[in-house]
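As structure tokens, one chain now follows by itself in the form predicted alone.
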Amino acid sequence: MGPKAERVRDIVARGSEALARAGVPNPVREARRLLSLAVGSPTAGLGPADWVPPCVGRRYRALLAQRGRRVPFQLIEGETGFLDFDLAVGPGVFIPRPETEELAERAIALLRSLPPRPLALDLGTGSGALALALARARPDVSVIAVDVSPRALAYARRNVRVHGLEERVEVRRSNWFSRVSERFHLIVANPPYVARPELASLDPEVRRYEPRRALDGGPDGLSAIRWILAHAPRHLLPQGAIVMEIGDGQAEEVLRFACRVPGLVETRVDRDLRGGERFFSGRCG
């Protein structure tokens, strides 16, 4: 006898219980999201007493097993929202966070004050989130998006293509500035800034499934940040700006280091919406 249809309330209840046992936050909401994914459309039109056919139930249980292993929902779905657009994501590419959306908004504000036909650089582009945000915000900007990871570059190229921005966003393999010779009006970066001893304490979704290269900032979390700051002035045009995400609690040391970098002026760190010291900015004097 084959599997039977189940009611929405029963399948969600069992799913949320399984997710709760696995330690997934907000298990009821997650169970409903997974059911929407299994159905192939939002479940807003489904009532608790509606029936879920066996084929959907099988898909749902497979998705539930993945989420129970703490695979991020974005990787299960294969995409994530960023600002007002969607990005394809998958294994080997960093999933942008809300703080990175704030970084994008700050970079866009700087971009709007730049002269005609500005050139921008997205360091460690990952999925291409920041590069696409800049290109979508201003039609005359050109962006070079670099990353060292072939997997990340594949997703970045795919996202650039999907959004029809190949003519204005160049995706290039480079280890930070190693294959970058241009000078820019604006540099944006979301580098790794987690101190290596803290990696083991990250949530399973991050620790197990995010690329370590996108997280590991070295012994104190500042290795990549120092490298970027030390080399940024030679890649900035006069009065060009850099804006970069950093870890909460790193502001004092980042500013101390930045003040010793020749050619870097007007350095500051601003707080994110949750009050954390999050966004470094500076200009080329």
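The first residue of the shown sequence is 1; numbering continues from there. Please read these numbers as outputs of a predicted model, since none were measured by experiment.
Separately, the form predicted in complex with a small molecule exists; it is not shown, and the next lines address it.
- Contact between S149 and the small molecule in the predicted complex is not found at the 4.5 Å heavy atom cutoff.
- In the predicted complex, the small molecule lies farther than 4.5 Å from every heavy atom of V180.
- Q74 falls outside the set of residues with a heavy atom inside 4.5 Å of the small molecule in the predicted complex.
- When the small molecule is considered in the predicted complex, P192 lines it closely, a heavy atom lying within 4.5 Å.
- Look at 167 to 175, 121 to 129, 96 to 104, 180 to 188: in the predicted complex, residues with non-hydrogen atoms within 4.5 angstroms of the small molecule sit in 96 to 104.
- Comment: the small molecule is not present in this chain, but in the predicted complex one of L83, A154, A88, V206 has a heavy atom within 4.5 Å of it, namely V206.
- Taking a 4.5 Å heavy atom cutoff to the small molecule in the predicted complex, the contact residue among I144, A133, A214, L110 is A214.
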